[in-house]
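Shown next as structure tokens: one chain only, the form predicted on its own.
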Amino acid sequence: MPPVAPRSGDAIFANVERVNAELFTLTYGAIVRQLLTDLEEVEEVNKQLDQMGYNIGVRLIDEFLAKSHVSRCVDFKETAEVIAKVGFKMFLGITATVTNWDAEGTSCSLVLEDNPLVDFVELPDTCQGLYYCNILSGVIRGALEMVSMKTEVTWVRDMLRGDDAYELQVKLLKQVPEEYPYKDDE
């Protein structure tokens, strides 16, 4: 049997079971609202959203690898492109643009062309420090950690805060060597 070719984000998105976009958006909004009520401090909500995203990313990477048939990326630049063009399309139906690479090729920005999480959202003045979509930074961080990349993911621009785009900065902190649970010679 020949090897399975990698699939594009559009091809995967066409075959993935989906939920209603409005239901998804409103459910996420209800989660954020409940966190704001329970935790009261906006900074704590940001941390909780990031941790929730991390936990999702740790599990989501398995589905991504199984359905996308993407082979191991050769470097961080290729990884960022796969996240932007395949990962975002597969799970959110959107794509991102990879820009602002540093000289070492270890830091870049993902600029989202659309963000389905923010439909129907306006932040009140009391929540101006909230990174409403911080769950996305956690998802990316968690997924990359499962493929041996320790990263830092932060929001640079957010349209809910008055910026002109949604931009995440992804910085590779270190490539973690894979560890095997046993040695072959034992």
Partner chain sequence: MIGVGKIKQYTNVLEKPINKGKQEVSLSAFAFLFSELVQYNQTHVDNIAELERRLEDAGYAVGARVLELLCHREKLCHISWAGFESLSFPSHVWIRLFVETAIEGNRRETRLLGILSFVHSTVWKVLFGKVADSLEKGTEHEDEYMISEKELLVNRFISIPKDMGTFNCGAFVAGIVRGVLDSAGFPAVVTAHFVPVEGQQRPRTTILIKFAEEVLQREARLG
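Numbering follows the first chain given and starts at 1. All values derive from a computational prediction rather than experimental measurement.
The following text describes the form predicted together with its partner chain, which does not appear among the structures shown.
The closest non-hydrogen atom of residue 41 lies beyond 4.5 Å of its partner chain in the predicted complex. Among heavy atoms of residue 66, none comes within 4.5 Å of its partner chain in the predicted complex. In the predicted complex, its partner chain stays beyond 4.5 Å of every heavy atom belonging to residue 70.
Shown alone here, residue 26 lies within 4.5 Å of its partner chain in the predicted complex, counting heavy atoms only. For a residue to qualify, one of its non-hydrogen atoms must sit within 4.5 Å of its partner chain in the predicted complex; all three of 48, 56 and 162 qualify. For the partner-free chain shown, 123, 124, 125, 128, 132, 135, 159, 160, 161, 162 of 123 to 162 come within 4.5 angstroms of its partner chain in the predicted complex, judged by any non-hydrogen atom.
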